[in-house]
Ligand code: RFL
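Encoded as structure tokens, the following chain is the form predicted on its own, with no partner shown.
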């Protein structure tokens, strides 16, 4: 079966779906290919801290109704160390901007529904995806869908299929640079059936390691503790996890963690990763296919959205004005924001986690950085501005 579209999009995650919707607003056709089923992508639970710019974009695109109803707006976060909590006030420090807690799979549900309602094409459960002719003016995607061979001829291809997808491996290695760092710790995350323990996220530094308290709904809490990334989750019974959370979050004024049944748990490895450039000919990478950040800075989904905003704008300029300057500058434009987010995420991670080889000197350095961050308006402003998200055109 031979198909034709203007933009072939590999991956129905936030990047691929948002790109398809942005293009549709300008009358540009696209087809999205996804290796998983609709049910799987809509039910895979992941974190969802949305920057102000991401929230604003979803609202403008008509995707904000359920987000406004079910999402939770936070106007700050708490840094907790030395038995005390210190609030970083976004409203005061970042010009009134905020973040919204709205899980990624809910964003995906909204995007899938909107694209299908428009009559757009999303092919789920595709297999054996291969890219050809990516250096030409008519790149080709081959795949199998519903046991039929499909050839999709495109003007452009966007690889939005995540870190483990086929897109990045389709780039020629010549001229490709990879930057990566693996961290010697991971996050053990749990979903717990209990009412919120806090009105805003808590980032805790302790001698026992990092901990994070968040919420997913009025009935669900999302919590993390630092752990060995190679550990077996079987070594972490629920009671031990809750004991560690209590110990790492303890305060001198008797703060209490609300507890309930643990309904999900798993260990997440942490890495920083960037590939340069993010484009080759008429083939472009976006989101996790091009870069990974440790989750401490809450940047992953938001970086993906920023990438496709740039790509959509560049494609619109090409189709409507026959100008390719923004397409040619796509990688350079995106990487400026990517490296800013990589630095912020690395900085937050380094400040808040215990490293296996740290010593008393390193711990004092972390405490000094934490003290400065919460007591210096300039330092707190830097954290707040980066956390809520820099302007789109930064």
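Residue numbers count along the first chain shown, from 1. No experiment lies behind these values; they were computed from the predicted model shown.
The discussion below concerns the form predicted in complex with this ligand, not included here.
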**Request:** Kindly indicate whether 19, 139 and 281 are, all three, within 4.5 angstroms of this ligand in the model of the complex, using heavy atoms.
**Result:** no
**Asked** Taking this ligand in the model of the complex as the reference, which of 134, 274, 227, 166 has a non-hydrogen atom within 4.5 Å?
**Response** 166
**Item:** 367, 68, 36, 354 - the one with a heavy atom within 4.5 Å of this ligand in the model of the complex
**Value:** 36
**Complete:** Counting only non-hydrogen atoms, the one stretch of 332-340, 45-53, 359-367, 59-67 within 4.5 angstroms of this ligand in the model of the complex is 45-53
**Prompt:** Is there a non-hydrogen atom of residue 268 within 4.5 angstroms of a non-hydrogen atom of this ligand in the model of the complex?
**Reply:** yes
**Proximity of residue 222 to this ligand in the model of the complex, heavy atoms at 4.5 Å** = yes
**Asked** Taking heavy atoms only, is residue 120 within 4.5 angstroms of this ligand in the model of the complex?
**Response** no
**Asked** So, in the model of the complex, is residue 314 in contact with this ligand at a 4.5 angstroms heavy atom limit?
**Response** no
**Complete:** Those residues of 107-136 with a non-hydrogen atom no more than 4.5 Å from this ligand in the model of the complex are 126, 129
